[in-house]
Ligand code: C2E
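Below you will find one chain, with nothing else, as structure tokens; this is the form predicted alone, and questions on how it binds or moves follow later.
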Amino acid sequence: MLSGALIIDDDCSVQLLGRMLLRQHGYQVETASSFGELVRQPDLLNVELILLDLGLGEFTSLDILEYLYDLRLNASILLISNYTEETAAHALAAGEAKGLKMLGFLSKSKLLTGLTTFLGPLKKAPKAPTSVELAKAIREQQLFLAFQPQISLQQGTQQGQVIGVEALVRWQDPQRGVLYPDSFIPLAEQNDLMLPLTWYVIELAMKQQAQWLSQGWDLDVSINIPAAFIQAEGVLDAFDQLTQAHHAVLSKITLELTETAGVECLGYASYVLKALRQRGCKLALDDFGTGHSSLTQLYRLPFSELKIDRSFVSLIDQDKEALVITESIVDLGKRLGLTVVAEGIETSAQFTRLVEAGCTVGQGYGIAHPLTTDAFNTWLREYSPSAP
């Protein structure tokens, strides 16, 4: 089966040359000339490789990278342009900050000779995992957790103190090595595997919490849950059984529901989430500000925490609008009596602006990358509070 590739460029010469070169490397190639074409035909983006022009009419590559991030696509992205490398470096950094797979930058003048350099490693990469392999991985416990530290941003003596972690799932595949969520979460969503995956992650997190408590580390543990978890039959009884089996301290567990998770029945969701809060769990609305139902979910569901999406936080030190939106979300959370967590902190300037805004908690690469259990334990022993 041929791999899929998409060329996003309004230059017909680049389209023709790129199509020829990619076909020679075994790709089935489609082209698009505008952002509007992508919006009208989103299926074009179901590919493994995207060649993206930096300048595309009234829309830039940054607009399209934002769109690709919103769709949570897993394609590798190669930027092509006649712009300078400095301009390209900015776009590459923006894509990488969102977690997109940025291959690099190639001048259009070097397309003929340079494309093979980027395609070589891709063609050697193993094929994407299948649902059968993922189901087997869950059964055989090939999944593990990485933990990203969360620190207090509140001014005073507690500022910079590690107060918790976000548990992030990884897959130790025997053939492919470590796989990240963007390569298997969509697979789980499409093949009814999100529930078994979520239950397994919750169990791993509860086990780890018990180990840390035995070491005297009183850390909050945040766990991502999908809408399917809330809607599952018998979810509360099953949760109680797991809690009892691992002696979990629910007051130190936060369940994160993404704003874009698609909770269809808010009445039933409210019943389940209220029951979880009564058991002691904290509840977070993740990726706040990126979906269309933010305020409805915030009003109808019993959240105790808001998480500001990284797409705002990553720009607050250079974009006035992003800063205003972030400050407004922090103010909204404070007025509602909620903890406000900022994701994606990368610089000391972002840290400072969040502290000044009154944000409660922060996490991001500027503090620490997600770490395996052993690496996190070492990091925590050596950590001393300071701005990133």
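Position 1 is the first residue in the sequence shown; the rest follow in order. Computed from a prediction, not measured in an experiment: that's the story for all the values here.
Form predicted in complex with this ligand: not shown, discussed below.
From the list 89-97, 232-240, 192-200, 271-279, the contact stretch for this ligand in the predicted bound form under a 4.5 Å heavy atom rule is 192-200. Within 4.5 Å of this ligand in the predicted bound form, a heavy atom is found for all three of R170, T258 and G364.
Although the partner is absent from this view, D53 stays clear of this ligand in the predicted bound form, with no non-hydrogen atom inside 4.5 angstroms. Under a 4.5 angstroms non-hydrogen atom cutoff, this ligand in the predicted bound form has E346 among its neighbouring residues.
In the predicted bound form, no heavy atom of S81 sits within 4.5 Å of this ligand.
Within this chain, E166 lines the site of this ligand in the predicted bound form, having a heavy atom no more than 4.5 Å away. Think of it this way: in the predicted bound form, this ligand has a heavy atom of just one of Q148, Q154, Q142, S107 within 4.5 Å, and the residue is Q148. Proximity to this ligand in the predicted bound form, taken as a non-hydrogen atom within 4.5 angstroms, holds for one residue of D287, D317, E133, D220, which is D287.
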